[in-house]
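Heads up, the chain below is alone and in the form predicted alone; it's given as structure tokens.
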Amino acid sequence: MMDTAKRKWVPYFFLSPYLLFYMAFGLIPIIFSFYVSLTSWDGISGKKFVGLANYKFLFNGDSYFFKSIGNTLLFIVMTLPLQLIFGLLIATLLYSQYVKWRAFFQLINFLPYIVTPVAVGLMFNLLFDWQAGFVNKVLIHLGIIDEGIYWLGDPVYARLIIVLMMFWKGFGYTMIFFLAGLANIPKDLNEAAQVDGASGFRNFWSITLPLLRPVITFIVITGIIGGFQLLEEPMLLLGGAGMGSSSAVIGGPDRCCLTTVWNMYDTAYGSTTRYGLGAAIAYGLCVIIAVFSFIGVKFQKGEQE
């Protein structure tokens, strides 16, 4: 009887280190941050319980919550299709028999993904600086423009640069998944289609693309979740130092590039120290990501059935 009771506790004993770390660094901070979202707190003075006031304030235009959600969605909608198309195109080319040095080109295309966000933000800041940027110098040298374009000072240009930056950094990630998906497609399917007289495009459209649908679904779901976590690159690109003035508007001109996580960071640790409102923004973002994840899982299950 005693041995049976001990055997029941053995798994919990070995799991206890993980459970303790999870409670200390996962569960307790989650509960505490939710409590903070119900208070007004600047991190120094005492917390004042305000109930759902912070969540109600998210619907106020001064919170920039929905503006930042809209900006983030715009970046995702503009970037994700480009990453999918170019990732699939490059993966198909590399998987074909016509490309030599396949491993070298895989590495070259994947390298941007492992570059740190800080380096990416600073690099694009230097490229598109309106006074000393490389892009303006090339365009002036070629006679396309007479004077430097203020890329980061115009909402349209600033958004396009963010999209370009996200595309450059992320298409290698999609390429790797497409390469793995292409490797799992049985070659005899394409060979049988070729024997029946199907063209290369017909093979790709009718066989390869449908069999890659689970990979595409996975990339779309993870791309949306990752896109909502966008912070470092636009913050370093437009955070003030690159705008030529330390008093530049947070989020770029007209806050056109203010992402949701950047809004949360600035509210809690940046221009204000409203920890309660920052926590409410974080939980609002959590709900949105959960909704997209739920839709993605339902869509994936529907495909499998």
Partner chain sequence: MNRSLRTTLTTSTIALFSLFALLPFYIMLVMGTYQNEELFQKIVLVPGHYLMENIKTVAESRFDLAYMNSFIVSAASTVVSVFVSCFAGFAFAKHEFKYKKQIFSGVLLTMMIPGQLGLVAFVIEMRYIHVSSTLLPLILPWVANAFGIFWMTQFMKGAIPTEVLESARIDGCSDIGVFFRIVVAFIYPAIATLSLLVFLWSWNNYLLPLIIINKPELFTIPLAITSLGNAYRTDLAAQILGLTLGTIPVLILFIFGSKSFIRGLTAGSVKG
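Source: prediction; values computed, not measured. Residue numbers count along the first chain shown, from 1.
The following text describes the form predicted together with its partner chain, which does not appear among the structures shown.
Undergrad: In the predicted bound form, does Leu15 have a heavy atom within 4.5 Å of its partner chain?
TA: Looking in the predicted bound form, residue contacts with its partner chain include Leu15, since a heavy atom lies within 4.5 Å.
Undergrad: Does its partner chain get within 4.5 angstroms of any non-hydrogen atom of Lys137 in the predicted bound form?
TA: Flag for Lys137 set to yes.
Undergrad: May I ask you to state whether Lys298 is within 4.5 Å of its partner chain in the predicted bound form, using heavy atom distances?
TA: Answer no; every heavy atom of Lys298 is more than 4.5 Å from its partner chain in the predicted bound form.
Undergrad: Taking the shortest heavy atom distance, is Gly227 within 4.5 Å of its partner chain in the predicted bound form?
TA: Judged by the heavy-atom cut-off of 4.5 Å, Gly227 is well away from its partner chain in the predicted bound form.
Undergrad: Tell me the stretch among 149 to 157, 70 to 78, 202 to 210, 93 to 101 that has any heavy atom within 4.5 angstroms of its partner chain in the predicted bound form.
TA: Going by heavy atoms within 4.5 Å, the stretch is 93 to 101.
Undergrad: Residue by residue through 180 to 209, which ones have a non-hydrogen atom no more than 4.5 angstroms from its partner chain in the predicted bound form?
TA: In sequence order, Ala180, Gly181, Ala183, Asn184 come within 4.5 Å of the partner.
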